[in-house]
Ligand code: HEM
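Just one chain is shown here, as C-alpha cells, and it is the form predicted alone.
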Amino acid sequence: MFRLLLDKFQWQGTDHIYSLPWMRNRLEYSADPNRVKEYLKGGEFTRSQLTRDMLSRFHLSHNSIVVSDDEHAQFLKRIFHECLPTQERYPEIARKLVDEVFTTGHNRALRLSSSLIPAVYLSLLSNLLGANVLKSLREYIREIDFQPGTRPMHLDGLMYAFGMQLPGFGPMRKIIDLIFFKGDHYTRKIALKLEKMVFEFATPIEGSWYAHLIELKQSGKITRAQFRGELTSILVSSYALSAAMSSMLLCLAARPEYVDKIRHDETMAKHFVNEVLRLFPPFRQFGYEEKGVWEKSGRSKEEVTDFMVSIFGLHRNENVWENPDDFRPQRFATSSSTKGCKFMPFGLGKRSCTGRVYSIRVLVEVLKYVCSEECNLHLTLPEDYEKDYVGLPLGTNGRLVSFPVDDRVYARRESIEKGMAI
C-alpha cells in the first residue's frame, strides 16, 4: 500500500500534476511558458501557502513584505519603491561594494559567498534600508561566518504536506533543526542578533526606507513584529543578491573575453546579467494559488490550487531557448528575448520580488565596474574548478536560494598609479 502511495507521487519532471492523500490539494509543476501565460490570464492569484511557509522559514520572519498578505505587501511596496536610490547613485554603490569584497590581493582562492554576503548586507543596510551603520555593527558583520546553506526544499514540502507548518508543531521543528540542520539554527540566532543590533547601532537617514518603517511603527500602521520582519528581510536579501553576484563573477572568470566587450559596450553588461539570471537564477521556483476564480478557470478548488513554476526548467526549456545550456549573453540583444513568460527570475505579477529593480541595477553596475580600467580586477578560476558547462558555475539543487556549488575564484587587482598588484 505504501509503495502505491509513493508511486503515485513519483517525480515525473515538470508539466505534471502531483497529489498525495494527506496533501490539502494537488500541485501543478510547470516549466512551460504557454502554461504560465495561460495561468496569468486565468484571474487573480497570490503566493501559495506552501511557498509562503518555505519563504517564512528562510526569511526567519512571518511578518515581512515577502510573506505578508497581498494588501499589506502592496501598501508597503508603494512606500518602498519611493525610497529606492536614484539611478545616479548606483555606480558609487557598486564601486564601494566591489572595493569592500576585493580589498587586497589573495594568495589563495577566495570563497565568494563568504566575502560577498557580509559586504552585500552592509551595502543593503546603507543603500536600501537607508541607515547610517555605526562602527560596532560594521565590525560585527565583518566577523560573522555567514552560512548560505538552508534546509532542502523537498523536506519543507513534506513537512507542509503533514501540516507541520502549524504553530503546534513548532517544538518538533526546533528539535529537527537542532539534530539535523544546525546551520539553519545558527542562521536564526545570527538573524536575531543582527536585528537587535541594527535597531541599536544604525540610525535612519532622513526620507529612507528605515525612517519610514520607524514612522509606520510609531503611528501604529505596522506592528512591532512587522517592523522587525523588514529589518530581517535585509539580511535575507543579501543572500539572494550574493548568490546572483557569485554566479555572475564566476561566469566572468570563466569567460574573460567578455571583459573588453562590456568595457566598450555598456549594453552588453545588461545582456550578461540576464544570461547569468537565466542559467543560474537564485530562486529556482515560485509557487502561486488562484484567488476565488474557480468558476472562471473551469477547475474546482479540489483539483488544483498550487501552481509551481520551475524557473530553472523554464529558463532552460529547449523548446523556447536555442542551445539552452550554452552561455550566450547576445541572445538578450533582441527586444523579444524577455517577453512571453519565458524569462522571470524575479517571479510573477504583483507578488514578484520587491527588490528586483535594485538588484538588476546593482548587478549591472558591479559588472561594469569590475570590467572597467578604473577597477582593473582580474578574475581567474582555480585549475581544479569543476568543468561542468565548460567551467561555468554549477548551482546547488533543492535549496530555496541556489548558490554556486564551488564559488572559489582568484582575484588580482592592479594599481594604475603604482603599476603593481595589491
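Start at 1 with the first residue shown and count on from there. Computed from a predicted structure; not experimentally measured.
Keep in mind that the form predicted together with ligand HEM is not shown, yet the notes after this line are about it.
Exactly one listed residue, out of 286, 343, 258, 90, brings a non-hydrogen atom to within 4.5 Å of ligand HEM in the predicted complex: 286. Scanning 137, 73, 94, 252 against ligand HEM in the predicted complex with a 4.5 Å heavy atom cut-off leaves one residue, 73. Within 4.5 Å of ligand HEM in the predicted complex, a heavy atom is found for none of 101, 144 and 404. Ligand HEM is not shown here, but in the predicted complex it comes within 4.5 Å of a heavy atom of residue 128. Not displayed here, ligand HEM is approached by residue 355 to within 4.5 Å at the level of heavy atoms in the predicted complex.
None of the heavy atoms of residue 271 is located within 4.5 Å of ligand HEM in the predicted complex.
Interface residue remark: residue 118 is not counted as part of the site for ligand HEM in the predicted complex, having no heavy atom within 4.5 Å. The candidate stretches are 172-180, 321-329, 344-352, 213-221, and the one lying within 4.5 Å of ligand HEM in the predicted complex by heavy atoms is 344-352. Contact annotation for 220-241: residues with any non-hydrogen atom within 4.5 angstroms of ligand HEM in the predicted complex are 237, 240, 241, listed in sequence order.
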